[in-house]
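Below you will find one chain, with nothing else, as structure tokens; this is the form predicted on its own, and questions on how it binds or moves follow later.
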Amino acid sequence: MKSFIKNSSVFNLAGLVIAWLGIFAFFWWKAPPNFHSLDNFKTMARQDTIVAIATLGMTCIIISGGIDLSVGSVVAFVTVVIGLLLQAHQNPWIALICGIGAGGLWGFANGVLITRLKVVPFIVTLGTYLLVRGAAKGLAHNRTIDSPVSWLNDLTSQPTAEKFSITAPWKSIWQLLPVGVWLTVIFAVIVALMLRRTRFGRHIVAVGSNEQAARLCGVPIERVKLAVYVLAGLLVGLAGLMQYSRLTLGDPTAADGLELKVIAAVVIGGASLNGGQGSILGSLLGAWIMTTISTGCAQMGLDNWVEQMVTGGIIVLSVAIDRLRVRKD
């Protein structure tokens, strides 16, 4: 059974890579010549950071059998918190900690409402989606928050290009991409190891696979769900930090529709909306596919509705494949 799961996971990842190669080849053919340049890859990596970090938490939530529709609102709220704190204290570390902490608190609120009220996650997070967005607008008085320039602005900015140094190769490699991209890689490895190698990770999969069986096996269902939403909230807080770095201001209207992109990336990456199945690498590949489509459509001068239709079609196809896989099993 384990070998079958492992093989199916490998086939899924291989399929994602082949799909991305096909999409990339199409845009290579149709888009302007600079689409396949190194600079464009760097730009795509920077754009992908926000969605990619948010998918880490969403992957855990969907594996556990849940969903979170409040991601975009929380990201906007975090940018407002960071902007206001930088205005008040001009201390980037205070703004960073409180911004990520705000994401964790909203994740905690989602987890408590889901576990205590016994309400399905879709309804709870649909409510907090509106609640958090309204709170962000109220906190910012319905305007953007300009704040002093700090090193937080540099997290997603392209480092100054330098020639490759034989004497310091690691420094040269580090300077190829922004700090935010490297943080995405680091946290992706941490969350992937947590899912595969820890008891908490196994509990997440167990709850999503069969909640009743997991309860009979002694898994603390409510605590696991609460911890998952708190973890996802902290990661969304980190995504909000990257959004602030990219915008360089607090914006209560930012990240509108981000939750759909994040869920789409996770589903495209092979996660099952029924729970119990998904992988961090697959979700990151799903996010990268969506970024490639978005960049390619933009460089071809296509309207936004074309990108939305293509992305929607891919989501429907991914869900259809998941349903067929479930019926087959």
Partner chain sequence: MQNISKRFGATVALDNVNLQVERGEVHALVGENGSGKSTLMRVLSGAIHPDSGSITFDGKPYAPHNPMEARRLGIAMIYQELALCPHLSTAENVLLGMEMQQFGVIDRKASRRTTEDALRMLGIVGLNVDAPISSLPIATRQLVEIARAVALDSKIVVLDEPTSSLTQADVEKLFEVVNILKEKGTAIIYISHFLDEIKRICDQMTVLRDGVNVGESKVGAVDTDMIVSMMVGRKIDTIYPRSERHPGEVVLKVEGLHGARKPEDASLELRKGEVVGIAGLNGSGRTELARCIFGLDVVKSGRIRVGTIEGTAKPAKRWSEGVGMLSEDRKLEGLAISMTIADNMTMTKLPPIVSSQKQSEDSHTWIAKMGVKCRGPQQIVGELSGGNQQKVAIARLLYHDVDVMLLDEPTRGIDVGSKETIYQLIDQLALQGKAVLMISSYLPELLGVCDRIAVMHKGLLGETKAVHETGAEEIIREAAGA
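Bear in mind that the values here come from a model prediction, so they are computed numbers and not experimental data. Residue numbers count along the first chain shown, from 1.
Not pictured, yet referred to below: the form predicted together with the partner chain.
Asker: With the cut-off set at 4.5 Å between non-hydrogen atoms, does Asn210 touch the partner chain in the model of the complex?
Answerer: Asn210: yes, in contact with the partner chain in the model of the complex.
Asker: With the cut-off set at 4.5 Å between non-hydrogen atoms, does Leu117 touch the partner chain in the model of the complex?
Answerer: So Leu117 does not count as contacting the partner chain.
Asker: At 4.5 Å between heavy atoms, is Leu177 in contact with the partner chain in the model of the complex?
Answerer: The answer is no: Leu177 has no heavy atom within 4.5 Å of the partner chain.
Asker: Taking the shortest heavy atom distance, is Cys217 within 4.5 Å of the partner chain in the model of the complex?
Answerer: Flag for Cys217 set to yes.
Asker: In the model of the complex, which of 243-251, 197-205, 73-81, 225-233 comes within 4.5 Å of the partner chain (heavy atoms)?
Answerer: Of the stretches listed, the one contacting the partner is 197-205.
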